[in-house]
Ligand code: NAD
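Below you will find one chain, with nothing else, as structure tokens; this is the form predicted alone, and questions on how it binds or moves follow later.
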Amino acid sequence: MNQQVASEDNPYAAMQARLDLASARLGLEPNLIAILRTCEREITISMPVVMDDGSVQVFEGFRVQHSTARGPAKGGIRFAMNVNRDEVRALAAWMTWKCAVVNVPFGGGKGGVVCDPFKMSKGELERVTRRYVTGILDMLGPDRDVPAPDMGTDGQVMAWFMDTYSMHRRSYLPASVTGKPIDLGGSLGRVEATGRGVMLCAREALKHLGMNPNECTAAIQGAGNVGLISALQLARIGVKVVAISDVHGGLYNKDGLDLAGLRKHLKVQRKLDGFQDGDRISNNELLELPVDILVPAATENVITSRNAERIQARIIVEGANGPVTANADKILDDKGTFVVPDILANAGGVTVSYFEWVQDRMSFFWTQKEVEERMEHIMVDSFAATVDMAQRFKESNRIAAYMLGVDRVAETTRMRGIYA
């Protein structure tokens, strides 16, 4: 079963197309599908901010809550020039299904500000953050909507976020946001969580396919937190990482990259430029390398109907949200590519965000070993449940994951009923 998306690059249309396929396979009633296809709450704000030179710049910000049927909305805040409402809607919906796939009691939300955080001073970034929090304040709260970092944001931004919210509520509320520094109630293991989850899914996929990690190669698109940690974690289980890239391009070394040296280089330079360990390649060339595992861990829509036929990897583990378009799904399925979809593969981050939220509410914190053991248990069980669903319904892993998540959200919505 396949459904073409007319506007292939629209992530919200792609999400809805996959939702429709999963809903049809589950036999959901039309009224319920109508609810699940629609975001509950959206806000767009204009944010005048005084810049360092005294000028005033007006930024545009968004926050979308797709579903709160299973718990508070959960989702990151993205600071980027290309943020738009449909992207935020799609990311919010993916968070709904992601939280349901790993069975944590959150719904889906997402936010964004149209800006370039890398061209702003620390003071400007703080003022943008605090103005954004104030603009969406009524949507937020530990029991309503719990943001986290995403592209262009980090623990410091989350610290400002939490402080602004707490000041307005006249109370110290660390559970209002996750991804915070450890000293402000952050969780051990949170920084590594998404990349470690990618590794766990890759490990389980190799096990499922009878492949030996020590005989496998991997290429990683993305050298940020998710991409770099995915590479380091894959190397820990014996996989040879032969390529990695950032927005400017990539590096390829058939004998394996010096990941320890790369990590030190990125810590200082924040980009691959200047690191001498292999041949320069483009991001498109990296995607098409003859490797066993491909981890697209950068952004949406990098594997499309235009290049899917040339993808050679046996396994794709989606570290980013929406890296494969809906129109590329059937091409990869027909090729026999084993895809671990984003709503499963990168769910390690939201799983440990849930742990952070729980720890903040208890004011009792776990060791890193406890965090990692709990996360591994959830990720391995969720992988097994997804593969089992795929085999039972003879569906792709992606549609199986959607079915798993959508079914849980639908059942909760059904039990809660429609308030009128």
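Here the structure is a predicted model, which means the values were calculated and not measured. Residue numbers here begin at 1 and follow the sequence given.
There is another form of the same protein, the form predicted in complex with nicotinamide-adenine-dinucleotide; it is not shown, and what comes next is about it.
Contact here is defined as any heavy atom lying within 4.5 Å of nicotinamide-adenine-dinucleotide in the predicted complex, and by that definition each of Met151, Ala223 and Thr299 is a contact residue. When contacts are judged by a 4.5 Å heavy atom cut-off, Thr178 does not count as touching nicotinamide-adenine-dinucleotide in the predicted complex. In the predicted complex, Lys240 stays away from nicotinamide-adenine-dinucleotide, with no heavy atom inside 4.5 Å. Using a 4.5 angstroms threshold between heavy atoms, Met81 stays clear of nicotinamide-adenine-dinucleotide in the predicted complex. Within 4.5 Å of any heavy atom of nicotinamide-adenine-dinucleotide in the predicted complex lies no heavy atom of Thr325.
Checked against nicotinamide-adenine-dinucleotide in the predicted complex, the residues Leu184, Leu137, Met167, Val247 give one hit for a heavy atom within 4.5 Å, which is Val247. Of the residues Gln233, Thr337, Asn283, Thr217, just one reaches nicotinamide-adenine-dinucleotide in the predicted complex with a heavy atom at 4.5 Å or closer; this is Asn283. Note that among 156-164, 203-211, 315-323, 127-135, the stretch whose heavy atoms approach nicotinamide-adenine-dinucleotide to within 4.5 Å in the predicted complex is 315-323. Residues of 189-204 lying near nicotinamide-adenine-dinucleotide in the predicted complex, listed in sequence order, are Arg190, Thr194, the criterion being any heavy atom within 4.5 Å.
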